[in-house]
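Below, in structure tokens: the form predicted on its own, a single chain.
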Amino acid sequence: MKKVIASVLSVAMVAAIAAGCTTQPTDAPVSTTGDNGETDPVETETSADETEETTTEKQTATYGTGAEHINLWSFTNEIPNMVGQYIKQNPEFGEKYTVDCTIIATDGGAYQQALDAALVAGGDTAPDMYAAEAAFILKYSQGDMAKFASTYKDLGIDVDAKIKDADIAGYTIEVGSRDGEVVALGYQATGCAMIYSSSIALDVFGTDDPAEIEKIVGAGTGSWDTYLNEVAPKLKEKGYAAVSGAGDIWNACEKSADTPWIVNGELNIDPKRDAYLDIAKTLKDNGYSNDAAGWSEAWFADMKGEGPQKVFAFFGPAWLINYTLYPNCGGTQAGEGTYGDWRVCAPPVGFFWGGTWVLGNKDTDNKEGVAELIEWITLDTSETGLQYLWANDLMGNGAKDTVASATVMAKSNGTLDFCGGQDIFPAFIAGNSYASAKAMTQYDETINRYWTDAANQYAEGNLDRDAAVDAFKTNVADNLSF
């Protein structure tokens, strides 16, 4: 399971929630499943970057034995493993096609640099299909490199009808659309929920019922006011923290914005992102958090209930439960650590965190094969489709995970002993519906880092509010051009 956890985390953890915006590494070990379903070794090719500043490791894997070749590029082994599963289920596909997989970690931008060069060069070595994660998907679906992506319709996919039948999460469509046409879709859904402590809820509010907790915390209101002004003080009175650190709320502030960082070529600070400065300051000044940075030892200690104050809630997608809270809860069964104490409900503010999108090259010579794989990964709602296998832990991913199709989740079993036997899928279906991607730009990864740095300086008292905003604007002006 550790191998699986590393792989899935590398896909999902694309945005840091630490005050210092520390991003989880994505250089997970890679393994492949061959077309016979057995685990096969990968071929590893290591090459030095021309800049000599980093060394990138390229790993390759091959599935199928057919005469027609499909080049697949990805930054983890997840999608290559899916291809192996598809060929296992459909051996005739492997007899017709050979899928050559190139896997390059995202560290230092290595994957993007190599992918860009391959797309521009074209020819037989260019990818026929490729993956992009949330941190840089807009570059390939709507931004500088979007011209290489085929619309799903041009690949021959009846995308409009299948999106409707699958009830695909709206934000994933927003992210993957160019000029109103879908060029990329995902398989995971990373709409977020509030993951809260049952025991703390009972102690402070007298109930741990998700429906009642939603009312108490202001779920779906689109505002943090109730949580900060009513919930946090009550938790503090009983000796509990509302969150582990201010960064736990950053993703919601960032992804719930109504306007992007760049409007008409000018830097724009949306009010919901601006509010994060005051949220971070409020949490710090009132002791409503343990000041733990995301992915730090202190953050993981809070998941075990071993921090200075026990933490009431974390905010995130299903992968945060499966691949972060679970291995850091301090136990493997009820009564050990915080295992079994967690429950899930809709959050005050809707947002998504992470995800991977799949694209096809407009110049591919194998549209039919590429379309078949993409459709199975992103739109198939059958019990042999990737999303059903993924949601029900039938792919070897190590956990029941949320997927882009609400149709699939509605007929899947989302009960987790880790969450006291609760079926978590309904809360995440709601979280998916609240999430929006309307305020994203291809510059978000960099600008977000400057903004969270400014918020941290303000919260710590190193800069006043105006000076923190000025420092942010200076960083953007000095390092980015639009």
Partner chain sequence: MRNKKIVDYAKFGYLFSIPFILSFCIFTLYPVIYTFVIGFTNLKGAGNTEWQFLPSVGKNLFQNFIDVLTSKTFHKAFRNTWIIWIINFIPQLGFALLFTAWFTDKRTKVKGTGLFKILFYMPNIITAATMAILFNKLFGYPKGAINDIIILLNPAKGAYNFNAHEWPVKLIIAFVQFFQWYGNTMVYLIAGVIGISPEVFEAAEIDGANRVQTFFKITIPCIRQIMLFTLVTSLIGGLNMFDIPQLYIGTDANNAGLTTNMYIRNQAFSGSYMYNRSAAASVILFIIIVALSSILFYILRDKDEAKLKKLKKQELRAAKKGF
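Positions refer to the first chain, counted from 1. Just so it is clear, the structure is predicted and the values come from calculations on it, not from any experiment.
Not on display, but discussed next: the form predicted in complex with the partner chain.
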Within 4.5 Å of the partner chain in the predicted bound form, do we find a heavy atom from each of R273, S433 and V469?
no
Could you tell me which stretch in 167-175, 407-415, 293-301, 226-234 has residues with non-hydrogen atoms within 4.5 Å of the partner chain in the predicted bound form?
293-301
Counting only non-hydrogen atoms and a 4.5 angstroms cut-off, does T446 reach the partner chain in the predicted bound form?
yes
Would D116 show up as a contact with the partner chain in the predicted bound form if we use heavy atoms at 4.5 Å?
yes
The partner chain contact at I157 in the predicted bound form, heavy atom, 4.5 Å:
no
Answer yes if any heavy atom of D464 is within 4.5 Å of a heavy atom of the partner chain in the predicted bound form; otherwise answer no.
no
From D258, E212, E95, D144: within 4.5 Å of the partner chain in the predicted bound form by heavy atoms is D144
Among K162, K310, K139, K362, just one has a heavy atom within 4.5 Å of the partner chain in the predicted bound form, namely K139
Using a 4.5 Å heavy atom cutoff, which residues in 462-482 contact the partner chain in the predicted bound form? It's fine if the answer is none.
N462, L463, A471, T474, N475, A477, D478, N479, L480, S481, F482
